[in-house]
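A lone chain, given as structure tokens: the form predicted on its own.
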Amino acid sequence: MSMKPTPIAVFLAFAVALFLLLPLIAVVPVSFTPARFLSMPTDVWSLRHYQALLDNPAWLQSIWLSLRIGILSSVIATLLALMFSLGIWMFRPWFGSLLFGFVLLPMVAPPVVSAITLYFFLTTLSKVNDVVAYDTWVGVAIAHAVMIAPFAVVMVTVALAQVDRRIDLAARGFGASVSQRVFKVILPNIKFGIFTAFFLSFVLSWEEIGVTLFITSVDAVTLPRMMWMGLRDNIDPAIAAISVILIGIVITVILVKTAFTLKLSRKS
């Protein structure tokens, strides 16, 4: 039986949401300041910092680079998580808990340790190829995939835990092969979890900066690194403008994800 929230509960929910969003909302007026430094606009509002973003191709290049890295790393992390979680769920090896512990290590390891490890890994690969190497976008995507794969594993595992195992046993009893059980029985039942894992992986890759600082130099400058460089060298108000644009993109993506999820739930 569903319970309708009381007006007090709705008010408290909106109050908490507003409190959490206040830091993001405060960035919006700052992005319209006509001054050359971070400040609140007084009488005059200006679009000069948005125009500065368009006039500087480095910002657009960093956005395009972060987008490519986010998509590739999310695809890799989701596929790895899917294969690992499906294998554990279907075959239940006795050392499954041990495997989970190894896979989740990047979540508990200090980011500096992971960054140094990936730095030596990519610099070693640079000696034998120019694609998956230090300061290349494919190398950064591989490194991001390593860092975000544990989160995808958690999402897919949670989705698999909600699947009734008797459905798979019934398919196996009727003679279905492993591939038929995976593609026709299991995957359709965890499509929400797969989509959520991909979405979370993309967001984590999009905002990643700690590891990226170690494995990039001058060629693979992602958007977070570009913003970090702007804050380090001088407090550029263009950062507030790009922050507002990113907030708009994230809100749009969340709305699209919600609409897509609702559409899938109505079909199922």
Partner chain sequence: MTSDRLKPVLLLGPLVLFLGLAYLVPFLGVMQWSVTLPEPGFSQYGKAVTDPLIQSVFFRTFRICLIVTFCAVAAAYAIAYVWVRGTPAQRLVTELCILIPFWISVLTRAFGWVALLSNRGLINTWLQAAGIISEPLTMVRNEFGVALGMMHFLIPFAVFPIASAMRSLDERVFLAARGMGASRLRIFWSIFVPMTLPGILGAGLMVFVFALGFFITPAILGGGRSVMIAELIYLRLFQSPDWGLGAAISVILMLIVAALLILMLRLVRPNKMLG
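Numbering follows the first chain given and starts at 1. Keep in mind the model is a prediction, meaning the values are calculated, not measured.
Omitted here: the form predicted together with its partner chain. The next part is about that form.
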{"query": "Close approach of A220 to its partner chain in the model of the complex, 4.5 Å, heavy atom", "finding": "no"}
{"query": "Contact of F84 with its partner chain in the model of the complex (heavy atom, 4.5 Å)", "finding": "yes"}
{"query": "Contact flag, F37 vs its partner chain in the model of the complex, heavy atom cut 4.5 Å", "finding": "yes"}
{"query": "Contact of F14 with its partner chain in the model of the complex (heavy atom, 4.5 Å)", "finding": "yes"}
{"query": "Contacts with its partner chain in the model of the complex - residues in 123-143 whose heavy atoms fall within 4.5 Å", "finding": "Y134, I142"}
